[in-house]
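Take a look at this single chain in structure tokens; it is the form predicted on its own.
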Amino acid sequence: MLTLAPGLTYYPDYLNRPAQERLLQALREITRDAPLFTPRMPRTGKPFSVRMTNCGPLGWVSDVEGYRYQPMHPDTGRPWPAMPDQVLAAWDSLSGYSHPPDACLINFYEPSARMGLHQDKDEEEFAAPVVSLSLGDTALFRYGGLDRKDPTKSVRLRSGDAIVFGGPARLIYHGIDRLMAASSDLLPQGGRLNLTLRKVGKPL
């Protein structure tokens, strides 16, 4: 466990190889029911370079109408699949939060994909952290402060690593600059899967 900044905690090798393989199999089952889709930027409709899907009661989507959480897949209209027990166990062990997550966003990065600096701020409950799990190729993860212009640092997130944004780091800007091609053999086609677990609404 390494503290990268107040509230930003990095867990190298959180998932060992057998655990990564189990999670990958669970994600394959999820994507059969809730296929990966290409989100688009609000207003402009420009496609993201990542594809995504979700599991859990709610899923995060983005299209010309804006960013939001909704209970159904935007293409199939079906409810999102349930979160695997392994994902819920990771939340329980890492989040320090007493209520379960509402959403698990699953991003798939092709080898050339990236994610610009952004904040995770579409939730109502900022007292809960965001828990992130990485599978596949190593990613250069960049993080800064609460202002987009704040200085940034970088860390390499490898397959099996976890990182938690909480407390003063809950709304920091962060992104993925690039992937290190062929740095993992977990995904036969290469690329990276990233899961982010979120508590969306305030607990009742």
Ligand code: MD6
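Throughout, we count residues from 1 along the sequence that is shown. Remember, it's a predicted structure, so these values are computed and weren't measured experimentally.
What comes next is about the form predicted in complex with the ligand, which is not displayed.
- Heavy atoms within 4.5 Å of the ligand in the predicted bound form are found in exactly one of 59-67, 26-34, 143-151, 163-171, that being 163-171.
- The three residues N54, D92 and K199 each lack any heavy atom within 4.5 Å of the ligand in the predicted bound form.
- Only one of T9, N194, Q20, S184 lies close to the ligand in the predicted bound form, with a heavy atom inside 4.5 Å, and it is N194.
- Under a 4.5 angstroms non-hydrogen atom cutoff, the ligand in the predicted bound form has H118 among its neighbouring residues.
- Put simply, V130 is close to the ligand in the predicted bound form: some heavy atom of it is within 4.5 Å.
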